[in-house]
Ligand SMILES: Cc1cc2nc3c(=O)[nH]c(=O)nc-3n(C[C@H](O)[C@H](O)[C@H](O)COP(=O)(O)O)c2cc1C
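Let's start with one chain on its own, the form predicted alone, as structure tokens.
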């Protein structure tokens, strides 16, 4: 699959087949995550691979009211909980080096995208879930102090095709030399 085709074809998948993800396929997805760029190569992440049905049910109970991905938490064959090492990326000797502060969200966003694109290229579906009670998820997954579960990504074979949403035209969000306002 060509890269632009992969980028344009990836969708948020919320319904999954019960078919298991082979270990070698999962490892390719994890390798794509591994090679994501991060602040000063900090690699500020830890991943928890979840297959246990009871843990999935406990995680599902943490989902925010109306979360459209709630069913996918127990339906997908596996979940990947992505945890960030806090106050590490974007820091030098314990001090933030930019106005942004902690770069973990940025770094994990890049890594999540790598994971999702590789999964799609292998025929798998994903959805990045972050609308949940983060403190409760940390408790369930026994995430240690200094780390935080930021996203949960269900991973599996899609139950159905999903139509692409509309996108803004490039000219609607680009500006030359200076920000010149928006078209809304």
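Numbering follows the first chain given and starts at 1. No experiment lies behind these values; they were computed from the predicted model shown.
Heads up, the form predicted together with the named molecule isn't pictured, but that's what we're talking about next.
For residue 12, a non-hydrogen atom is located within 4.5 Å of the named molecule in the model of the complex, even though that partner is not displayed. Contact check for residue 165: a non-hydrogen atom falls within 4.5 Å of the named molecule in the model of the complex.
Among heavy atoms of residue 130, some come within 4.5 Å of the named molecule in the model of the complex. Although the partner is absent here, residue 68 is a contact residue: one of its heavy atoms lies within 4.5 angstroms of the named molecule in the model of the complex. Between 122-130, 140-148, 23-31, 36-44, the stretch whose residues reach within 4.5 angstroms of the named molecule in the model of the complex through a non-hydrogen atom is 122-130.
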